[in-house]
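Read the single chain below, which is given as structure tokens and is the form predicted alone.
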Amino acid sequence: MELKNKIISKLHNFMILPAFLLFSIFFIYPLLKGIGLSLTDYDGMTKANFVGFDNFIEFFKDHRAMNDVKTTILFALGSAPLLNIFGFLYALLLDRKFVGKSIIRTIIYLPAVISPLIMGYIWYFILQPKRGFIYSLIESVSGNALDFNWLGNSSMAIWVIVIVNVWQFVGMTMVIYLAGLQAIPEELHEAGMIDGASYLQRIRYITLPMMIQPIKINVITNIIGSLAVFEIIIALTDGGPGYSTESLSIYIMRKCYGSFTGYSTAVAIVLFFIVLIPVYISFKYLNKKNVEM
């Protein structure tokens, strides 16, 4: 018996070796390489010189970079909660039986399969001042032209981007929540109804505790996606007006192509930890909730 357990243990270690090799090649090695590069003044062409933590110090002294951090976090604080709230509400709606449910589900999910860059350009033409579809529609309904540039206003543009992003990707969140709802045994809801629980009480005490895994998936993926936002901003505002809607991902790209490879790698390391911290906190909190329930 002991020999059998040793053989199984050896086979188990052997089976995880391919996965570990892939993880090492595509994550551990690039991460270590990036950390080493972030400590140099490498410009993509000439020999790299070790500069220590100068790149990180320069980053935290750069007002443009700090504004990009603020924009990135602000976008995530708007996008991630709205994606989860509306995704869950859509899932609750589509978990019911009614005519045309499949068509509505397809319409909600369809934008998510389109490239964010293409979708951003579509919304750019829709929102163009004086000649966009929305402006023409408001003018035809009210008789008055709307002389306001939503994407050209630094305080409004980021929230327009959040709304467009939520509209596009809420379908992906909805599908995951819908799969979780359909996995809940109907007997639990029937028992709750027999005990006199209202609809909202059944959601609180039956649905939500059974949805921890879908919630964990959606919260973590939406946090990562929101903090790494790139395409939708490039298409709608290109980071403007000025640098008011520039995200940290766009800042990294522009610095990298501006021959500041070492510096941009240091910023990428900072972004990695900006993403890692809320993901880790969310993961630990939801795991704790899962154990309690």
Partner chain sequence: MKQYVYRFIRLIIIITISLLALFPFYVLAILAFTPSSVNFSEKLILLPNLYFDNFIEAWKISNIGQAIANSLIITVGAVTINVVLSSMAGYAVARVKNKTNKIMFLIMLGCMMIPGIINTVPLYTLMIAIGGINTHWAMILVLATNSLPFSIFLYSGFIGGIPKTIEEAAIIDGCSRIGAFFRVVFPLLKPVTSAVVIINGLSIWNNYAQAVFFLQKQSMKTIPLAISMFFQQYGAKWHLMAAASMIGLAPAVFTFIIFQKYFIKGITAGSVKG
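Positions refer to the first chain, counted from 1. Values in this document were obtained by computation on a predicted structure and should not be read as measured data. Note that the rigid core is defined as the largest set of C-alphas that superpose within 1.5 Å between two forms.
Just so it is clear, the following notes concern the form predicted together with its partner chain, a form of the same protein that is not shown.
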| message | Under a 4.5 Å heavy atom criterion, is residue 27 part of the interface with its partner chain in the predicted complex? | response | yes
| field | Non-hydrogen atom contact residue 88 with its partner chain in the predicted complex at 4.5 angstroms | value | no
| query | Is there any non-hydrogen atom of residue 190 lying within 4.5 Å of its partner chain in the predicted complex? | reply | no
| task | Find out whether any non-hydrogen atom of residue 39 is located within 4.5 angstroms of its partner chain in the predicted complex, and reply yes or no. | result | no
| Partner-contacting position among 208, 74, 183, 156 - heavy atom within 4.5 Å of its partner chain in the predicted complex | 183
| query | For 165-181: residues with a non-hydrogen atom within 4.5 angstroms of its partner chain in the predicted complex? | reply | 167, 175, 176, 178, 179, 180
| Would you say residue 20 moves its Cα by 2 Å or more between this form and the one not shown, aligning on the core? | yes
